[in-house]
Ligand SMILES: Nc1nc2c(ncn2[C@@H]2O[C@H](COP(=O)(O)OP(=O)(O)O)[C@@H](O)[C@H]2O)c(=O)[nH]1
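Coming up is one lone chain in structure tokens, specifically the form predicted on its own.
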């Protein structure tokens, strides 16, 4: 572990999603990545060839590597988020193959919520479509740091450079409107393999990196890179089981903490110092996100589950204080088939605190296809994206989602069924 709190940990894991319109080749692309990077076993290859043959096709249908559900195979479409894992000598990867249909918007939100990078596929024959813009918008809304526009099926347009340049120019205007940064454009053929893992021989006019090279080189910000220390308390216990010093257990959501640091317990706003940091493996002088630790403090303070420990304002890295609020303005994606009922309370679970909440206002919903806003809305249905105001029974200690994804997000629970009905991202003030 690094001993300098300003030293960013080099991550060897990239979480990314692949999204696009139906039949744009998402599953084939992921199959190509797995196959060409030699991340599948010989018996899987044999099974893949047999299944392809049974379906009356020649060669090997790489999309079957990710379309793992029988229903998906029978219909020839991907209907859920399929996760796959592979590795190269440079990095490990977790892939989420998200569905393209509009009615599965909630699935993409789920897949993108922890992603470091999003690949939006565009069929070179069809150009930019409504779904392409929708997926880019959702990736931007969820603050996915890197966006790659992969123009697929270049083999179907004779690998023509003007086709790629036209799509790039068309989509660039929309990307500028969103304000998205860190956007790359790569022409590929997932079916033939050009510019996915290997460069191939058909896109010699493109001098940029292959898709895999982009994935291997994308910078991944770890939770420890954010200097804003956030430690939601999960459990209060005496580690020795007796009358020794009380310990506060939890996971560091962002930032670092060291023995001797001055900290503040929120929402009570009581300040103290860290006297000990320890885990099952022993004591630490410094800990960083996403470690699970036990903190011991200089003073005996009334702290309970859901409280947040942050750096005191007197520390150089403690200037960015979280908000303490009983009102949340947030973007939410409604996940459940049962529509929102504004007459009844729901539960908001934020980090380790769960509070009662009412939907006080629906400011507007967003048409994820056109980005148009509709006001005067009284109900949210499954897959709706909306800007809402929530009134909380007790205060939460939180950041905006743009500033801090772990402490800027929450879920909404129906207390009657215990079902998760919505996911929320706290809006910037």
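Positions refer to the first chain, counted from 1. The structure displayed is predicted, hence computed values, not measured ones.
Below, we refer to the form predicted in complex with this ligand, which is not included among the displayed structures.
Put simply, of 155, 341, 315, 198 only one has a heavy atom within 4.5 Å of this ligand in the model of the complex, and it is 155. Here the chain stands alone, but in the model of the complex its contact with this ligand, taken as any heavy atom within 4.5 Å, falls in 190-198 among 272-280, 323-331, 190-198, 107-115. Although the partner is absent here, residue 414 sits far enough away that none of its heavy atoms falls within 4.5 Å of this ligand in the model of the complex. Remark: residue 409 does not count among the residues lining this ligand in the model of the complex, judged by a heavy atom distance of 4.5 Å or less. Shown alone here, residue 28 lies within 4.5 Å of this ligand in the model of the complex, counting heavy atoms only.
Contact check for residue 22: a non-hydrogen atom falls within 4.5 Å of this ligand in the model of the complex.
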